[in-house]
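Okay, so here's just one chain, in structure tokens, the form predicted alone.
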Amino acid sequence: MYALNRVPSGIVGLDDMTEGGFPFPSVMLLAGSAGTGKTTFAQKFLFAGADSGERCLYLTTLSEPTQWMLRFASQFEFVDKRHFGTTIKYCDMGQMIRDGDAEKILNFIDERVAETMAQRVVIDPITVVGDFLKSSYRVFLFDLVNRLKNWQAVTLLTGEVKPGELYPPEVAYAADGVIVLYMSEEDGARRKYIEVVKLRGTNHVTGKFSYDITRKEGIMILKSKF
């Protein structure tokens, strides 16, 4: 049997659910609504790699300005500011996304990955691109995933979900893995859950697990299964 190389996710408790981490190389989708911790998850993933000497790249699409994101991220204890702009490169693609040229976006991502030779890549969030590419969005995603798989990297795509949707299907069909973060109202309180829905080549744990967001660890999966 061919053994997949894996990289640790950096998320406390997740690697125990995924046979040691994410396949390398691969493209992963992290889906969830606002407030579930997608960006915190992505930052922990990158800093775990940077702490191990890996080169990392963070590409933001149409989310908050990079400087504001870094300002809030620096409040977490796992964030080593020495990685900002050095081991972890940050790049804003906002204007290019607004222009709506799929080929330019793909080439831009290719160029940034080639420049940095990143081993961990985050695109946060990928779903807003669909608002500008419209009918060509599905083809864009197929081309994007194929290009990313040619690089020796694990890429994490974050995706916003629509009401009643577990994950964005256009992205999920092309990704190697799908992890969902969601909130459920129970007994008057909102509880956070994580679920590994899909992970190719992996005998992953199924079912939903409670998680917490802490200043020390960022995302931390609790052991109890629900």
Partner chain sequence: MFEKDMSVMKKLLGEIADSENGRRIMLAVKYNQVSKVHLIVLRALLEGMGKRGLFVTVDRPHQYMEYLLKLNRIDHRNLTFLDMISNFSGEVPNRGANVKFGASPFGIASLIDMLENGGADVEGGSVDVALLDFLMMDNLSSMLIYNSMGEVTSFLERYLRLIERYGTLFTAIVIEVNSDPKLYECLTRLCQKCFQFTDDGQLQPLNPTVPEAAPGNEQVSESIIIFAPQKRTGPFPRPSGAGA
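Fair warning: this is a prediction, and the values are worked out from it, not measured in the lab. Numbering follows the first chain given and starts at 1.
The same protein has a further form, the form predicted together with the partner chain, not shown here; the description that follows concerns it.
Here is the short version: of F132, W151, F78, Y90, the single residue with a heavy atom within 4.5 Å of the partner chain in the predicted complex is W151. Checking 187-195, 159-167, 50-58, 36-44 against the partner chain in the predicted complex, the stretch whose residues place heavy atoms within 4.5 Å of it is 50-58. Taking the partner from elsewhere, V128 is found to have every heavy atom lying beyond 4.5 Å of the partner chain in the predicted complex. By the criterion of a heavy atom within 4.5 Å, E111 is counted among the residues contacting the partner chain in the predicted complex. Contact annotation: F142 falls within 4.5 Å of the partner chain in the predicted complex, judged by heavy atom distances.
Among heavy atoms of N146, some come within 4.5 Å of the partner chain in the predicted complex. Interface residues of 7-43, taken as those with a heavy atom within 4.5 Å of the partner chain in the predicted complex (partner not displayed): V7, P8, F24, in sequence order.
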